[in-house]
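Quick setup: the structure tokens below cover two forms of a single protein chain, split into structure 1 and structure 2.
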Structure 1
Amino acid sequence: MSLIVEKLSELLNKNKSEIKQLCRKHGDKTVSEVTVNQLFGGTRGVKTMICDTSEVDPNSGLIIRGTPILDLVDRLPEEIFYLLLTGQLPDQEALSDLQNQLRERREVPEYVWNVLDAMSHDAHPMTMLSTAILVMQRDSEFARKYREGIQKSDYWKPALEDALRMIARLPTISAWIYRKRFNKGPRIQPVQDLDWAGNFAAMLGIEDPSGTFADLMRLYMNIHCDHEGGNVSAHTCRLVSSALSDPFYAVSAGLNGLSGPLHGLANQECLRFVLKLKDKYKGVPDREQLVEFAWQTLNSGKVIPGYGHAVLRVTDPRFIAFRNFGLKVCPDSDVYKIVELLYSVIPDVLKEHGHAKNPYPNVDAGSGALLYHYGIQEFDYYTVLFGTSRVLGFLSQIILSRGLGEPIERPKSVPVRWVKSFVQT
């Protein structure tokens, strides 16, 4: 038995008995009420689900199992996955064990390459990623064990097996999507002893004389890994999984949610915005030009990409992590200078505009400029990078949900007619 299975068995037993006790003692207590505004407003802020992997505090941002993300930026994504799942960082033995488990499973089945090869040459890279995950469903251990009649209390074990397979294969698949879709040359094989994100960086085949690109990938994979359970992609993934659709179905669905321009696709929109500025002003604009451009954008009914957030009410610490990295590796690049200038100008413009509840940058405001600096200039690929990381969170949440025996989700919807008559009573 791998160390992670041992650790999880112990943890889940403890959590299950705590939850049983909580429900027995306090099952009837109300934790959230829903206003009419919330009913029509995406149920924003309504507490309707349990998610132990991470929390987003409006005033301090992402906290993974009690540790703020800025304290975890130097860790490996494998360590973060272990932390998401178990609540503890692995010691050296547990980390090596997990890395070995991943190495053993990283061979990508030939049919995945065949399916990707058969896709249209202009398919969106996110469609390719979601499809690659979906076709691997045929080998799902969860689906197989379920058919065989596995006990409910053991569902999480084959879910973990599927998760390890998916995580192990992801860097090879995602890197190939980049190389194939953008004609970057043949597939690069994984290196035996490299860490997960280091290998991903190597397989992307980016020229990197500075030797820092792998560090960007480690950082990128760390800070996008999870963001609570209620965001579109995580929630989609959990919802699909709650029907006991196996992790391949659920993760593929979650990635489809991540593909929306208000969610994961925003990072490509951000860089587009920055480059538009660079083109229009033939370099780095001055503050007045930037303010004017921002107002033109807002007045034409568009959003300023990379700014605002459904939950956060401060500058996203993940933006700060990227900013610190950018200030080290490319402070003199025009693109990066525009990102910096936007940071100093946009919050005031958005405050004056008065619509956005959070006028500060989110994670997407700076990540594209860094990728651009290293030569990844194909915007459509950016969400694949986000997705490759976010799968760590999706899968952790699925394993814990199945481990805690969570039921199928089924919130109640009501027609507008019902609301009209309700407010009159």
Structure 2
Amino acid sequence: MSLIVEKLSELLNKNKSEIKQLCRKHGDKTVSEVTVNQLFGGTRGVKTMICDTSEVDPNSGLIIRGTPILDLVDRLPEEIFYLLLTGQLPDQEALSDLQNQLRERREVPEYVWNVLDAMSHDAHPMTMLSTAILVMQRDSEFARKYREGIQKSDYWKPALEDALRMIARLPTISAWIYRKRFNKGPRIQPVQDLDWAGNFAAMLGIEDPSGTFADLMRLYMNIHCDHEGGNVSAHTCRLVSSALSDPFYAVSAGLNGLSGPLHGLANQECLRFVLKLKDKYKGVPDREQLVEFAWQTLNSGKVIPGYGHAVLRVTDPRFIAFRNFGLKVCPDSDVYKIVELLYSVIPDVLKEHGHAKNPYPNVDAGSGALLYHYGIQEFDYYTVLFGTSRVLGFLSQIILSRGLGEPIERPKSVPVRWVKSFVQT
């Protein structure tokens, strides 16, 4: 039995006992009320689900299992996955055990390459990623065990096996999507002893003599790993999984949600805004020019991309992590200088404008500029990077949900006429 299985067995038994006690003692207590505005507004802010892997505090930002994200930026993504699952960072023995398990499972089946090679040359990179995940469903351990009649209390074990296979293969698949879709040359094989994100960086084929691009990939994978359970992609994944669809079906569905322009495409829009400024002013604008441009943008009914957040009311700590990285590796880049200038100007403009609940930058305000610096300038690929990271959170939530025996999701819907009748009584 692997160390992570031992740890999860102990954790899940404890958590199931605690949940039974909570429901027995407080099961009838009201947690949340729903207003008509929330009913018509995407149920924003309505508490309807459990997610132990992470939480987003309005004044602190992303917290992974009780640890602020800024305290985790120097960790390996493998450590973050272990933390998401167990609530603890692994010691060296547990980390080595997990890394070895991933290495044992990272060979991508030939049929995956056949499917990707058969896709149109102009297929969207996210379509390629979602498809690659989906076709691997044929080898799902969970699907096989379920057909054999596995006990419900053990559902999480084959789900964990599917997760390990998917995570192990993901860097090779995602890197090949970049190289194939954008004509970067032949597929690069993983290096035996490199860590998960280090291998991903190497297989992308980006020139990296200083090793800082690999560091960026480690940071990027950590920063985007999870963000509660209610965002579109995580909730889609959880919803599909709640029907006992295996992790391949569920993760593919979650990635399709991530592909939407209101969710996973934000960093592209932020970078386009920065590049637009650079083109307009033939370099870095001065402060007065940027203030004028910001007001023109706002007065035309548009937004400043990368500023504001549905939950946060402070500068996103994930932006701070990327900013600190940028200050070290590319402080003289015009693109990065514009990101810095925006950070010093836009919050005050938005405060004066008065309509933004949060005038501060979110994670997307600076991440695209760093990718651009290292030569990844194919915007359509950026969401694949996001998705490669977020799969860590998707799968952690699936495994824990299976381990706790959570039921199928089935919220009640009502027609508009019901609402009209309700508010008139």
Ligand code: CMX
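Throughout, rigid core stands for the largest set of C-alpha atoms superposing within 1.5 Å between the two forms. As the structure is a computational prediction, the values presented were derived from the model and not from experiment. Counting starts at 1 and follows the sequence of structure 1.
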| query | finding |
| --- | --- |
| Correct structure when looking for the form predicted in complex with the named molecule | 1 |
| Lys328 C-alpha moves between structures 1 and 2 by 2 Å or more, core aligned | no |
| Cα displacement of Gln92 between structures 1 and 2 reaching 2 Å, rigid core superposed | no |
| Rigid core superposed: Asp286 CA moves 2 Å or more between structures 1 and 2 | yes |
| Core-aligned CA shift between structures 1 and 2 for Gly301 (Å) | 4.3 |
